[in-house]
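Only one chain is included here, represented as structure tokens and corresponding to the form predicted alone.
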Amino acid sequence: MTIRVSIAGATGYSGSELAAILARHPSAEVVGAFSGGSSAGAPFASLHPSLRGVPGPVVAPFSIDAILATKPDVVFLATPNELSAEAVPALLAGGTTVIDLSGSFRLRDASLYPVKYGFEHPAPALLGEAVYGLTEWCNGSLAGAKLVANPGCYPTSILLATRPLRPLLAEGTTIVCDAKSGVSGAGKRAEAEYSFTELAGNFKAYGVGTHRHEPEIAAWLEHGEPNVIFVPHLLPVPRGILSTIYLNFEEETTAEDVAWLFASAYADAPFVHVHPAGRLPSLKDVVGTPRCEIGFTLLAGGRSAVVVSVIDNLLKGAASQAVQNFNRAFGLGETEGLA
């Protein structure tokens, strides 16, 4: 089976990673690559260093008509939030499956979009229809899905590390998520604050109390109404996310209890690896890979834990997770094109 694939936003960081993965995917044929910027007309091989010598479509200007003209079975949207929100209804009406890497369909509550994303959602009825594509927790809902909302990069790292431990969490607990991301998480931006001069040798927090990923984390943790404190930081590295999560448990627990919950959750998850108690992962373990690696340490006699989760924000936090969701949606092996 060959599945026709088009990529919108193919010249961004996540879009170019998608192009590289899908170009070597044995069941995918990349029939369209689109950009809303000045990169229209660029050869396909220019999207990613690994594509040198690989044939593919010339990058075309973004338009719904142009995308649908490629007759895709699936469209990956690595486009800005508001653009994705406008494009999805038209693409679905055109008969294609959509995997959206933006934040436009991650939240079920339309009233949060003006506050967190800066626009009124144009298709609120679709928010309840989108499958939230945290792949390892989809429980069959991806099979045949027509609209998949790829999770944010920070939420991916935090939810994968936290959701298995929900049975242990103290009622009304505050979950503190201290997360650090490489600069590519901000996309291709020309502002001075993202320049080499400002970032090299520097480290800072940003978006505290205002970041759009905070309600996404709280909503998809699905543990009553936890108070989530999310503090993102900008690391002076190109890529990767390290999230340190502080949890309080209802009762004293053991490392064996925690390990059992993780093993139960991820026994069949090829891209999630949990370390033994006390062994914490680092960015170098995952950068350039589609994996999430998790470690934990118990504190306060087993009443608290520090959990560390690392991913590559452009892969498990975006492109490779989108391809996992693509594989599941079309009945392919989950590791196809990724292992």
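In this text, residue numbers run from 1 along the sequence as written. Only a predicted model underlies this, so the values are computations on that prediction, with no experimental measurement involved.
Keep in mind that the form predicted in complex with another copy of the chain is missing from the display, and what follows is about it.
Worksheet item: Taking Lys71, His121 and Leu142 as a possible spot, do all three reach another copy of the chain in the predicted complex with a heavy atom inside 4.5 Å?
Response: Answer is no for this spot.
Item to complete: Please pick, from Ala263, Ala170, Ala205, Ala110, the one residue with any non-hydrogen atom lying within 4.5 angstroms of another copy of the chain in the predicted complex.
Response: By the 4.5 Å heavy-atom cutoff, the listed residue in contact is Ala205.
Discussion item. I need to confirm a contact call. Of Glu222, Asp257, Glu86, Glu198, which residue comes within 4.5 Å of another copy of the chain in the predicted complex, counting heavy atoms only?
Written reply: Of the candidates Glu222, Asp257, Glu86, Glu198, Glu198 is the one lying within 4.5 Å of another copy of the chain in the predicted complex.
Worksheet item: Though only this chain appears here, would Leu242 touch another copy of the chain in the predicted complex if you measure heavy atom gaps against 4.5 Å?
Response: Output for Leu242 is yes: heavy atoms within 4.5 Å of another copy of the chain.
Discussion item. Can you tell me if Ala66 lies within 4.5 angstroms of another copy of the chain in the predicted complex, counting non-hydrogen atoms only?
Written reply: No, Ala66 stays farther than 4.5 Å from another copy of the chain in the predicted complex.
Worksheet item: Hey, in the predicted complex, does Ala90 get a heavy atom within 4.5 angstroms of another copy of the chain?
Response: Taking the distances in the predicted complex, the answer for Ala90 is no, it never comes within 4.5 Å of another copy of the chain.
Worksheet item: Any of the heavy atoms of Val31 lying within 4.5 Å of another copy of the chain in the predicted complex?
Response: Contact check for Val31: no, nothing within 4.5 Å of another copy of the chain in the predicted complex.
Fill in: Per-stretch contact check against another copy of the chain in the predicted complex, the hit in 249-257, 177-185, 152-160, 110-118 (non-hydrogen atom, 4.5 angstroms)
Contact criterion met by 177-185 only.
Worksheet item: Are there residues in 265-303 with a heavy atom within 4.5 Å of another copy of the chain in the predicted complex, and which are they, in order?
Response: The stretch touches the partner through His273, His275, Leu280, Ser282, Leu283, Lys284, Asp285, Thr289, Arg291, Glu293, Thr297, Leu299.
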